[in-house]
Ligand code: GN1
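The form predicted alone is given below as one chain in structure tokens.
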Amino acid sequence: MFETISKIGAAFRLPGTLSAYDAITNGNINATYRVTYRDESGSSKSYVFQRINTVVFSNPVQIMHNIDLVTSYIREKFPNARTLHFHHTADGKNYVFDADDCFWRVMNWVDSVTFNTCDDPAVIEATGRAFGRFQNQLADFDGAQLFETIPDFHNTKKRLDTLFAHAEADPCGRVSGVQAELSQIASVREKAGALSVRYAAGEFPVRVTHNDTKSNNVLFDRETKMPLVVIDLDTVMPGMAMYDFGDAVRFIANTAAEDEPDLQKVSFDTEKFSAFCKGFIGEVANGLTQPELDSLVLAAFSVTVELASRFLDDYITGDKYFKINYPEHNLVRTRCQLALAMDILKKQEELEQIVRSSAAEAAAN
């Protein structure tokens, strides 16, 4: 591995001598390393080397095209804002293939901390602010320049159509055991798919969206706990602003793990939702249209049903996409997300009032 990393560093023209590297194990898809170089004076600088999983990301060149355009745009328009810096080879590419045809990229290391889960309202608000600011920074960016690297990624209607088509086919003989889950999804199918139908009809603006707005995709200052930069830009694509918001609160405001088998522990935390709202809407309130603001809660519901449908679809078709730890793992995930979605629906009026209050507060400021 030392020889491979050394060659990758040389391809990206990194100064100094390779002195150390360590694997970073908190990612589930790509192989990631912290790599340190030392110069003649003894000073050291660290970088992040990533070998991209091309099974999951089948179009890595398109991904890096999107990342290059987005990060360059932010850096040029907001010179004082921190953004990810990916290095380039002598021929101007921000990626390189090694001798084994593996796909690599290199970015600067940012000394920071991340939060997989968080109960601190200030940090949750800061997370919302980080994702809101990211979207605001790209408000004038022409999303048509970006590749749709995962077509129909958040097309909820299509996801649901696919689920019910596979349920009809029943390729693994599992459908008889999931009738309750299918019935529950069917009961909200039209409501969950409504935003994607309206988006396809042109009722919402095409935004540049992150599409993986988990709290651990924000780097924070170790001391101040202020957000430094949004990371993991592999799924940056054109999309709906509301789904970035919805996916974030689906993750942050769930009182249980994504695969909690005890559904009594699963609920949607309105205080965490309120904290994220304050941060996110405080950044984007003047940029979003009223229909977008009015659809934020519905987006949280829709994206949660969408994820439940993806877990159930994977279970029905033989667990080919999501990594599982036991045979019914995807079914447990399905039930957890459905319980969360139904709690969002139950609290919809209260949540929409929180959105309105956050928007009014942002307008007043």
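So that there is no doubt, residue numbering starts at 1 and follows the sequence shown. Between two forms, the rigid core is the largest collection of C-alphas that superpose within 1.5 Å. Being a predicted model, the structure only gives us computed values, none of them experimental.
Keep in mind that the form predicted in complex with the ligand is missing from the display, and what follows is about it.
Student: Using heavy atoms only and a 4.5 Å cut-off, decide whether all three of His166, Glu190 and Ser196 touch the ligand in the predicted bound form.
Tutor: Verified in the predicted bound form; spot residues all out of contact, no.
Student: Tell me the stretch among 212-220, 291-299, 167-175, 95-103 that has any heavy atom within 4.5 angstroms of the ligand in the predicted bound form.
Tutor: Of the options given, it is 212-220.
Student: Can you pick out, from Ser274, Thr235, Thr83, Gln137, the residue that has a heavy atom within 4.5 Å of the ligand in the predicted bound form?
Tutor: Among Ser274, Thr235, Thr83, Gln137, a heavy atom within 4.5 Å of the ligand in the predicted bound form occurs only for Thr235.
Student: Have a look at Ala122, Leu263, Met226, Ile150 for me and say which one sits with a heavy atom within 4.5 Å of the ligand in the predicted bound form.
Tutor: Only one listed residue qualifies here, and that residue is Ile150.
Student: Examine Tyr33 and determine whether its closest non-hydrogen atom to the ligand in the predicted bound form is within 4.5 angstroms.
Tutor: Output for Tyr33 is no: heavy atoms all beyond 4.5 Å of the ligand.
Student: Does the 4.5 Å heavy atom contact test between Ala339 and the ligand in the predicted bound form come out positive?
Tutor: No, Ala339 sits far enough from the ligand in the predicted bound form that none of its heavy atoms falls within 4.5 Å.
Student: Does the ligand get within 4.5 angstroms of any non-hydrogen atom of Arg310 in the predicted bound form?
Tutor: Within the cut-off, so yes.
Student: So, Arg250 and the ligand: in the predicted bound form, are they within 4.5 Å at any heavy atom pair?
Tutor: Although the ligand is absent here, Arg250 would touch it in the predicted bound form, with heavy atoms inside 4.5 Å.
Student: Heavy atoms within 4.5 Å of the ligand in the predicted bound form is the criterion; list the residues of 52-69 that meet it.
Tutor: Contacting residues: Val56, Phe57.
Student: For Leu298, state whether the C-alpha moves by 2 Å or more between this form and the one not shown after rigid core superposition.
Tutor: After core superposition, the displacement of the Leu298 C-alpha between this form and the one not shown stays below 2 Å, so no.
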